[in-house]
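Quick heads-up: it's one chain on its own, the form predicted alone, in structure tokens.
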């Protein structure tokens, strides 16, 4: 079983295909569609470690020269220095404007590898092969690429659309449980801002053992999340207005990640707390949202940072440097009600403090 989603953007339309056991045939098909005699692969080091056999087999079957570069795991790879290393790898090995650059891994690999593809020769064909739940439902879709800067996350980058996205759930088998939970946060986000049924369908993540869960249900859930993001990106490719809805919980989350040095809290963990904070802030401003829809997933999150290690003053300062800030006050994605997001500039620092305190109680 596989599902195809068409994503329409200003430069061109491309497909995201979700399925199981589709990796090898897709690599061959994509490689054959380019005239050059080289394929590049930027791959997360753990994906390479667990799946080297299928990777080698797939690229050898193309009959083309194959250059592979391993990307170290962790947010540290989303740096200017490592982006430079990736670009040098492409240029020194003869990348051309008709040479596909396959980027395989989670969000970190996708962001830095995608930015390298966008930069080399002012743009080489990018193929995303997401191997985490989070990358499948979110970061591989929509064309955002980039790296972090000392002043904040994702502050250097480009909007650069891939030629195709291939999400093979077979790669999820080697994913640690906490990485499934990271992806769950973005799935819950789609449920909060767009489709109520997703908040219930995500309950398959609550199973103690994920191996026997329905692959068909998982494929359909991932495909539906991609469809939601695709529909929003099609209407607002460069985040002028409604694309910002996809940042629900993220203004809080990015501040948390920055305060933890991008180490002791993951993106998904931070987004989960950020959504709880955004719900509290929404309620302070007139909504009547019960957080139970999200709190039933709380047991899946294992935080490595304590509330006492975080400073409200520091968190507030980090928020003020977030790239989504439009003026002296902070702009949030809030909910008028479930599935009804709104962009709101909040002037009251005490209300934001209260939202932080409510969310941090869950650590």
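This is a predicted model, so every value here is computed, not measured. Residue numbers count along the first chain shown, from 1.
Heads up, the form predicted in complex with a small molecule isn't pictured, but that's what we're talking about next.
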| item | value |
| --- | --- |
| Non-hydrogen atom contact residue 135 with the small molecule in the predicted complex at 4.5 angstroms | yes |
| Exercise: residue 111 in contact with the small molecule in the predicted complex, heavy atom 4.5 Å | yes |
| Contact flag, residue 194 vs the small molecule in the predicted complex, heavy atom cut 4.5 Å | no |
| Touches the small molecule in the predicted complex: residue 335 (any heavy atom, 4.5 Å) | no |
| Contact stretch among 41-49, 27-35, 308-316, 294-302 - heavy atom within 4.5 Å of the small molecule in the predicted complex | 41-49 |
| Contact residue in the predicted complex, from 175, 285, 244, 223 (heavy atom within 4.5 Å of the small molecule) | 175 |
| The small molecule: the contacting residue among 182, 161, 99, 251 in the predicted complex [heavy atom, 4.5 Å] | 182 |
